Every structure is written in structure tokens, then in C-alpha cells.
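Quick setup: one chain, the form predicted on its own, written in C-alpha cells, and binding and motion questions come after.
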């Protein structure tokens, strides 16, 4: 087993006759977040699953606080994974921050990506002049302080807010589990990198076709952000806003979200 394979708990499942699909999870989760989607893909595709560095199942000794202080560090990891597997082209499905990570990776190697399916994606979480990202700096500072002072308590409060349900729901319990599994200092560092990121200036450089998929109600990503992406991405793009709630709809509303994701995976944008 190579170092890239071991570090990211790399798994490849499926037959692969219709090509390669890479599934990349967002903050606070791991590759298990795709459990409702994978069974629909394995008959036709070679499906690549991995954990981003810092996720609970990864070895915290591999987490380099300097490398992962920017999203580019994760983009380099993604390219290394594709190289390790000998992938020459893939359909990339990225959730939350991993949607942006895929977009960044595609700027330097557009040949590796036939399309990007961006679920719950945001180029910037902070509000700005003529831009609504959903958060003010004071709100983020309070979030970081809460994470730093009592991580477990923060997880218990954040999980239901993010999912859009109560603590009794299976999706909230699942998200709470994967959040708890992250070492607190790593979780805080990753959250700061994500929430303070701003890749708006790079969007015109993304030329790979992008399928932007978004919940109607999402604590982390307002619906207007999907339109912002659509307007500023450099290549062809399409937006679909689903009648789902929460930032992890593939976990909380699979009956709504999985058919939508499958449609965007299987069909290209009509030009």
C-alpha cells in the first residue's frame, strides 16, 4: 500500500465500464457520507472513495497544519490520489469544501475532470460588499471560540443546526459521530481554513463543466451563492436547487438528493 493510499484510506469499488467517479466529502464527515449514493454507481462506474486529511479516520500524525492552512494543500492531495490510481479522466462529485477543492484542482489539470458536480458549494462564507456568503466575521469568531473552548459541546449544537433536524434523527447522529472523531485542534484549524477562504477570483479559471446542486435551505450556503457560482465560473455550468434542507442533504434527504445527483452524473449540460 502506497503512502497516498494509506493516508487517505483510499477505496475503489465498482466495475468501471462507464468510467471513473471520484466522491469527495466535506468538513466534519468522511467517505461514509456517500453510503446512499455508492450502491447506485458500482454497477456502471469505478468509484473512488477517500478521506480528506484531518478527517476522523485519517492518522492525525499526517496532518500538516502549514500545508492545510490553505485549500490548495487539499487540491494537491486530490491530484496525488488521481495520479496514484492512474486516473486520466473522471467525473468528480465534491461536497461542501471538497467541491471547491475539486474546482481548484481542475484549474491546473482540467484534463483530469470531465465534469464537476458541486454539492453545497461556496467560494466564500463571509459576507462582503455586493456579496452574501451567509456569515459575518463576528459570527465566525464566536464559532471558532466555541470549538476551541469545548469541542464536544460545540459538536452537539452544530450537528443539528447543520443537518436541519433534532438530535434524535439518524443523519444528525451520524454527523455528530464523524465530527466527534476529528481531533479538536485539527477540526478548529480546518474550520478556520474553510470559513476564512475566498476563491472568488479563481472561479473564471475553472473551465470544466460544473453542475451546481444546492438545498433550498442550508445554514452554511445561502441559495444565492449557487447563482453566484453559475455566473462567475469560467466554463459551462448549470444550477439545480433541490427541495431539501440542510448542508448534508445526501445524508439527511437521500430520497430527494440521490436521484438528482445521479441525473447530473449521467447527463451532460445541454449547450
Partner chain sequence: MADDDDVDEPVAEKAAAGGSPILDLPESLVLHILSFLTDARSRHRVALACTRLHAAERATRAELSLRGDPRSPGFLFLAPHFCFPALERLDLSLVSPWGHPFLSSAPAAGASSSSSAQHLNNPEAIFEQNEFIAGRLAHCFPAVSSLAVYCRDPSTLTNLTPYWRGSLRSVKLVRWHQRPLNLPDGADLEPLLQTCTALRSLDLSEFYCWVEDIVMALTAHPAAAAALTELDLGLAGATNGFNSPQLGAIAGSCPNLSKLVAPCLFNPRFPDSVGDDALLSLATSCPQLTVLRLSEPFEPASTSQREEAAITVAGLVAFFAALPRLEDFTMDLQYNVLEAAPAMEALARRCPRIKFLTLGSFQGLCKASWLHLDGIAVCGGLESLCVKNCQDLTDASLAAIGRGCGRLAKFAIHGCDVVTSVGIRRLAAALRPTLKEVSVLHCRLLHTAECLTALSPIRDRIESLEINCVWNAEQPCGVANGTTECNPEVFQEKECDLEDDELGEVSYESASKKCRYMEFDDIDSWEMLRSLSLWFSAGQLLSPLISAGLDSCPVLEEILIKVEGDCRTCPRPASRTNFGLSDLAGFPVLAKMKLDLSEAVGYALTAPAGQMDLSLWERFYLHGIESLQTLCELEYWPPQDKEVHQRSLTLPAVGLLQRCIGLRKLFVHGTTHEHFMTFFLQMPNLRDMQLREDYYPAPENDLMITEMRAESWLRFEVQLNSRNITD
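As the structure is a prediction and not an experimental result, all values here were calculated from the model. If you superpose the two forms and keep the largest set of C-alpha atoms that fall within 1.5 Å, you have the rigid core. Numbering follows the first chain given and starts at 1.
From this point on, the text means the form predicted in complex with its partner chain, which you will not see here.
Heavy atoms within 4.5 Å of its partner chain in the model of the complex belong, among the stretches 69-77, 135-143, 183-191, 99-107, to residues of 183-191. Contact between residue 55 and its partner chain in the model of the complex is found at the 4.5 Å heavy atom cutoff. For residue 6, a non-hydrogen atom is located within 4.5 Å of its partner chain in the model of the complex, even though that partner is not displayed. Its partner chain is not drawn, but in the model of the complex it has no heavy atom within 4.5 Å of residue 128. Although the partner is absent here, residue 160 is a contact residue: one of its heavy atoms lies within 4.5 angstroms of its partner chain in the model of the complex. Within 4.5 Å of its partner chain in the model of the complex, a heavy atom is found for all three of 32, 177 and 251. After superposing the rigid core, the Cα of residue 156 is displaced by 2 Å or more between the shown form and the other one. Expansion of the residue 152-residue 56 CA spacing by 3 Å or more is recorded in the model of the complex, set against this form. Relative to what is shown, residue 259 and residue 161 are farther apart in the model of the complex; their C-alpha atoms differ in spacing by at least 3 Å.
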